[in-house]
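Heads up, the chain below is alone and in the form predicted on its own; it's given as structure tokens.
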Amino acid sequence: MSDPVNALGGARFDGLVTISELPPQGMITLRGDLSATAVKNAATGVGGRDMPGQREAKTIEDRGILWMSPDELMVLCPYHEVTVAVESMNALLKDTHALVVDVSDARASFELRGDGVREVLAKLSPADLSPEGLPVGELRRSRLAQVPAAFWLHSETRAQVICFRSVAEYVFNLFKTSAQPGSAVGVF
């Protein structure tokens, strides 16, 4: 495996919030029956967290499990562990109808930090970003302007966004525009 490379070279912008491109992250799509013991064991063994509930993001540092749909999880692990993790998951799932795919190099991640996290995201997404509409720890699959993305709040002042690597520059520029100093709307 080649050395990981950020899509934008570790881009950063300071405005209403600080927007940072995160280092490459191991991301494994796991599709199957989420109630199956083998699927649960494969996900939790690599992700290092309990199984998430519907629309839940359970993460700690560079490990976690994201609920993506009724039959899909995104399992997070350190980038350098992905190959072994996929092999391990496939071995656990050899007798189970499931799909395991390394999507690490097809995705980019951003972190938003600051008091205006909800507002910056709300300017770009049709999703309800109110505290009731998106509680801390709940994952939302939506769009940012014209592209699909998944995002969740680690806390009221910290959010993480995953998008396709091919649109990373577009997403970063959207964030820069949405987070321009002096552009606060004051909704949240």
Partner chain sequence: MLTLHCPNCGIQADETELAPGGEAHLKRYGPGSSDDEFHSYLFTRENPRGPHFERWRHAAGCGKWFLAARDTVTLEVYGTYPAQTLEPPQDIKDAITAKHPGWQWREFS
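It should be emphasised that the depicted structure is a prediction, and the values quoted were computed from it without experimental measurement. Numbering follows the first chain given and starts at 1.
We do not show the form predicted in complex with its partner chain, though everything after this point is about it.
Just to confirm, with a 4.5 Å cut-off on non-hydrogen atoms, which of 63, 140, 158, 40 contacts its partner chain in the model of the complex? Only one option qualifies, and that one is 140.
So in the model of the complex, is its partner chain close enough to residue 68 to count as touching (4.5 Å, heavy atoms)? Because a heavy atom of residue 68 falls inside 4.5 Å of its partner chain in the model of the complex, the answer is yes.
Hey, in the model of the complex, is residue 35 touching its partner chain, heavy atoms inside 4.5 Å? Flag for residue 35 set to no.
Quick one: does residue 154 come within 4.5 Å of its partner chain in the model of the complex, counting heavy atoms only? No, residue 154 is distant from the partner.
Does residue 31 reach its partner chain in the model of the complex if we count a contact as any heavy atom within 4.5 Å? Close contact exists here: in the model of the complex, residue 31 approaches its partner chain to within 4.5 Å, heavy atoms only.
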